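One chain comes next, on its own, written as C-alpha cells: the form predicted on its own.
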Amino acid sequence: MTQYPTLHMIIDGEKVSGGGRRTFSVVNPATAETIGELPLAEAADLDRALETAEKGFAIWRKSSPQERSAVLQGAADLLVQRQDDIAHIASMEQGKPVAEARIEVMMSVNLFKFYAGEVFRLYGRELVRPAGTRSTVRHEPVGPVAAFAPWNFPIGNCGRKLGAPIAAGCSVIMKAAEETPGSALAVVQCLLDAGLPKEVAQAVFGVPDEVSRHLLASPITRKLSFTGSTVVGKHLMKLAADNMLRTTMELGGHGPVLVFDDVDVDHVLDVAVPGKTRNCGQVCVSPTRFIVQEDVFERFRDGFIARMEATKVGNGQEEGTQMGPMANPRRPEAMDRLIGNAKEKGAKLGTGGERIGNQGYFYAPTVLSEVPLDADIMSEEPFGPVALINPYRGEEEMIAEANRLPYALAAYSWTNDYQRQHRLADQIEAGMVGINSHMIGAADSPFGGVKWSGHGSEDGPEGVLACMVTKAVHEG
C-alpha cells in the first residue's frame, strides 16, 4: 500500500520545509482526516524561486532540442514506472478512484512524449526577399513562466503546466493546489530525475493571493498560465496586466450536451453517465446541461436516473469504486446550495440531491430535470455530480440554449444527421466540440475555451507556441 509522502517545496533542487513556516493541512476527502502538513512559502522563498527561475531560463533557453526531448521522454518513462504510486497518492489527497488516477498519469505521459517530439518541429520561416537581403521569422521562449494548477486533475494539470514551458525552452515556477501537493511534487520529481537542470522547474505552495501577487509583480516573470475558475482568472489577468504578461487562461465551463431524437438513446447514456460521474463531476469540461429533443426526453431522463442510481460511490482506494468523494468540504456545500435553489424554482429531482454518510465529502449522483433557466445552477458551473436535463423542440432552440451562457469551453452533441453535424460544428460556440463523442482531449490537440472560458491553448503544438514569442529579423 502506497504511503502518503512527506511534503515540501522544491526550490533550486532543494526540498524546502520546516523553518517555522506556516503549514496547510492536507486532508483525505474520503475520511476528512489529515494526512499531511504542507509548508507554505514566505516572501523570501518566492524571491529565491524567482531568482532561480531567472538563472534557469538563461540555462534552458540555450538547450538543444535533443536535450529537451531527452528530459521529457525520460520523465514520461519515469511516470510510467511510478504510475501506481502516483495514482494512489492522487486518490488519497483528491478522492478520485485509483483507476481514474492511473489514466491521469498516462495523460501526462502522452503529453510529455508528444512534446519530446514537438521540440523538433518548432519551425520558423524565411520570407521571399530580393538578393542581398534576408528576412526570417523565428519563435523564441518567452521567459520564466508562473503556472497555477488546480486540484481536480492534480497529475494531468501539472503535466500541462510543466511540459509546454520546458519544451519551449522556458523555466517555470509552478504553484499547484495546496489540497493536492503530493501529485504535483511527484511530477516535478520525475522531470528532475530525468535530468532537468534544478534551476528550470520550481514547485511552491502558499496562500494563493500572496503567491500570485508576488510572482506576477516580479519583472522576472514573463508569462502567466492559469487553470481555474473564471472569477479568479479575471483577477489574475488584472494583476498580469501591470507587467504586460502573456497569458494562457483555461477557465470555467458549463458543458452543454445536445441530444437529438435520431440517436440510439441507450448508447448515448452509456457514454454520458460515466462522463458525468467522472471525477465526481469536478471537471471543467464535464457534460452538465443536457439539451434533449422532446421526443426522446423522457427515455433519456429515466435512463440517466437509473444509471446514476447504479453508480458505485465509495473510497477511491477501494476496488470497484466508480465515483469517489468530492475533493473538499466546499463542494458539497455548493451542491446543496445550487440544488436547493433549483428545487425552489420548480426543478424536479429525479435522484440524489443529498450527501452520503457522515464521513468524508461524499455526494449522491444527482439528476434534475425541467430546470427553469432562472435557477442559479443553469448559469453557475456546479462542478459536481449533477446532470441538468431539459426538453427542447428542435435544433434552432437547442443551439440557442447551448450558446446562451458566456462560458464556452467544451460542448457535445449527439445526432446521426450528417448535415446537422456540420451545422453544429459551425454554430456551437466553444473552444472544443465533441460530436457523437465525449473524447475531446489529446496530447496533439489544443485544449482551451473562448468567451468567459478563457483564451489560449494547452496541449498540441499550440501549447508550446503559447510559451514562445515571435520575432521578425530583417537583414539588409
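Not measured: the values here are computed from a predicted model. For every residue, the number given is its place in the sequence shown, counted from 1.
What comes next is about the form predicted together with a small molecule, which is not displayed.
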Check Val145, Glu199 and Leu215: does every one of them have a heavy atom within 4.5 Å of the small molecule in the predicted complex? no
At 4.5 Å between heavy atoms, only one of the stretches 245 to 253, 360 to 368, 71 to 79, 339 to 347 reaches the small molecule in the predicted complex; which one is it? 245 to 253
In this chain shown alone, the residue from Gly353, Pro150, Pro332, Gly314 with a heavy atom within 4.5 Å of the small molecule in the predicted complex is Pro150
If you check Arg138, Arg299, Arg134, His235 against the small molecule in the predicted complex, which one has a heavy atom within 4.5 Å? His235
Do Pro97 and the small molecule come within 4.5 Å of each other in the predicted complex, heavy atoms counted? no
Is there a non-hydrogen atom of Ser379 within 4.5 angstroms of a non-hydrogen atom of the small molecule in the predicted complex? no
Could you tell me if Pro274 has a non-hydrogen atom within 4.5 Å of the small molecule in the predicted complex? no
Hey, in the predicted complex, is Phe304 touching the small molecule, heavy atoms inside 4.5 Å? no
